[in-house]
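So here's one chain in two forms, each on its own in structure tokens, numbered structure 1 and structure 2.
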Structure 1
């Protein structure tokens, strides 16, 4: 018997093979396609339409997102992460009041373009349980930082609660007579009321 020891420990997370580049591209394409299709057709749009727009087969969609709720959750999480990053970018690049307005516009687009999302969130599907509150909790620190800068600059009044504002914008994004344009107009009116 050899005296040399053999390492049989399981590989660490860092040693595990990375997901293939084409699989990562497929996931990115599927998320972008789903976002576009959800905006025009709603979150119950046919899987084939999303796969076709992403340039992949339906089997690829189901391999990455076995259930509809998996895809909806992934799109929402992707959008929320982009909103959080946008808050940092806008803070560094724009005046405080402008950064706040542009970020609220981006958040409005995220909420307003998910037709059927409210029904999905209240469908009783366990995958969506508490999701709205979790997403708001992720976004609130970003908005709070933008609000604080805008308040300190004298651009808005000082009694604006970030959670209230997130919820108000979400409520204003209910489907209107001319789609997202209605939501954007209503949110602009809300923002006008926040000015100092």
Structure 2
């Protein structure tokens, strides 16, 4: 909980001169508060809860993050970047098949760990409009590269779409009575279905 390095641009990032210092501070507080609240109550926790914990009014929350999905995405940014990075690292360090499996495992963890994320992704709720698309857009290239490499190595079949796979895993990550164990089992089963 120290650095606020990432420069945030919720809406269109363009010819903005600069952002007032207090606004920047509030955005930081909101992100921190949201991370905590999301972890303990899920991504559909009341807006007031987050605003209160951040010490700002709800208006400020909505100003910076008009849709719930903006906030979720911002909180997830770090995880998503880590996934993209991991794809590079794994691809360089492991066999094509292993790299793929390990990366999927990591992605599974990210989604399964965020309480209510999987449900939110497919709730159809307007507040989460586009969340799935945006996550997909960021991760699709990473997975596509891993898949292609595995295909070329003959480790997996050739008819699997990266978007499909990302969506499927996200679906399977809804929390159940036995924590993430169920998710892990099912994702493994799905991966078995991938083999050539």
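Predicted, not measured: the structure shown is a model, and the values here were computed from it. Numbering follows the first chain given and starts at 1. Rigid core: the largest C-alpha set superposing within 1.5 Å between the two forms.
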Form predicted on its own - which displayed structure it is: 1
Taking the rigid core as the superposition reference, indicate whether the CA of residue 72 shifts 2 angstroms or more between the two structures. yes
Examine residue 25 after superposing the rigid core and state whether its CA is displaced by 2 Å or more between the two structures. yes
Determine, after fitting the two forms on their core, whether residue 63 shows a C-alpha shift of 2 Å or more between the two structures. yes
Once the two forms are fitted on their rigid core, how many angstrom does the CA of residue 129 move between the two structures? 4.0
Residue 36: how large is its C-alpha shift between the two structures, with the rigid core as the superposition reference, in Å? 8.4
